[in-house]
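Next up is one chain by itself, shown in structure tokens, the form predicted alone.
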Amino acid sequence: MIDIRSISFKIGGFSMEDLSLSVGAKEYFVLVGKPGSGKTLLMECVAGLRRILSGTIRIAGRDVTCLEPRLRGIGYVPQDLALFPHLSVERNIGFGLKAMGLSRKEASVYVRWAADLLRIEHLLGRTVEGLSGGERQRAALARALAPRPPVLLLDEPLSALDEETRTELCAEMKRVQRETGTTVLHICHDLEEMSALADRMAMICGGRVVQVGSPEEISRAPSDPNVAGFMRLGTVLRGEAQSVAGDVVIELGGGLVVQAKGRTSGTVDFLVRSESVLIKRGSVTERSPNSFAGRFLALHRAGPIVLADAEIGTGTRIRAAMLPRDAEPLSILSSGDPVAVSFPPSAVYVFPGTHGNGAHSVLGEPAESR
């Protein structure tokens, strides 16, 4: 439905070179990435708001590369919504229908259909100024959907909403997308929002698409540390790997050795998945692979889980994602108190094709995106 082929774009010191991406018909596709990665610029290129230097953009099989936005057959909701505050909700929804050459009676049918779809019929006579954040979002979505476009572009449409309203609208947006069969390209920075909506997702870094797949596929096999960090999968470390008796042994320095499954050798970056890390009070009581004496650092509440940080060796930090009941014994500890840190070899994921590309630790802090 959306086929982006080898496009190049440059603005100031930022550039996209030879970027390609395909979004299937009736797919809910989410773009993620750090601030300045190029997500919004890419969406604006698809919308026709930015002129690309080379490459092609096709929508529903039609080459729209050189077409102005109104001829591309898309609905677009920018981050600021771009609603007209002095107009009623009804007139906002119907604003783009004039360009379609519809009569007032015909346009009214489209407006009523969109308002019913977003469940805001009772708001049609009100002005935008008096609406809540969630109501404004629904009005903006209704306006974008009223012409019944095959493609809908959404640039962080829920970023300004509180958690309860965002959760409610995620469910509504997924329902609307399924009912209409609209292909959606959606930028977001919230992991819960992404997981609730995305059939597939792409992470963009420095104007490049670094990985495409379902949220489950990318969580299972992230392509590099940037992806793992954005997805909050755990801690990324570096070491010297060698294959020993069918497993991988990774030396971190300072006497620390991590064991993983598989075979590889050389300098590698690897992920220790936080959901498989266990941190306990006291000293190490068993000598099993990946069992370390450590020092407690801190606890952080993150929704329904608790993130616990500890240090092993000299300055190597490890994060555990724990249930509140399991983390409760750690709550009485002070920074520096002794703890035992352990994780199975299956919790270690060695990034493919990364040999010596920047040692760093990713402790899974959520990244904001634009």
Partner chain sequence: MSFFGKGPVSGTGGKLFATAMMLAVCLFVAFVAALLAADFWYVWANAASGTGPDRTSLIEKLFEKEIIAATKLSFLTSTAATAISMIFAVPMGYALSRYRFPGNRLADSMVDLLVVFPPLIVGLSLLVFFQTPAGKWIEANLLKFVYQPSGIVICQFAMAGPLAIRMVKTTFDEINPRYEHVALTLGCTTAGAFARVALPMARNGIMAGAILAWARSFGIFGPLMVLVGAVRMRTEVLPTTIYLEQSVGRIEVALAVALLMIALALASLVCLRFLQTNRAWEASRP
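Residue numbers count along the first chain shown, from 1. Everything quoted here is computed from the prediction, not taken from an experiment.
Same protein, other form: the form predicted in complex with its partner chain, not shown, and the subject of what follows.
- Across the proposed site, L252, E275 and I318 without exception lack any heavy atom within 4.5 Å of its partner chain in the model of the complex.
- Among A171, V257, V244, A99, the residue placing a heavy atom within 4.5 Å of its partner chain in the model of the complex is A99.
- Distance criterion of 4.5 Å from any heavy atom to its partner chain in the model of the complex singles out H86 from the list R178, R281, H86, R104.
- Among heavy atoms of L49, some come within 4.5 Å of its partner chain in the model of the complex.
- Its partner chain is not shown here, but in the model of the complex it comes within 4.5 Å of a heavy atom of Y76.
- Interface membership of E163, defined by any non-hydrogen atom within 4.5 Å of its partner chain in the model of the complex, is ruled out.
- The closest non-hydrogen atom of P69 lies within 4.5 Å of its partner chain in the model of the complex.
- Note on the interface: of 266-274, 111-119, 78-86, 294-302, the segment with non-hydrogen atoms within 4.5 angstroms of its partner chain in the model of the complex is 78-86.
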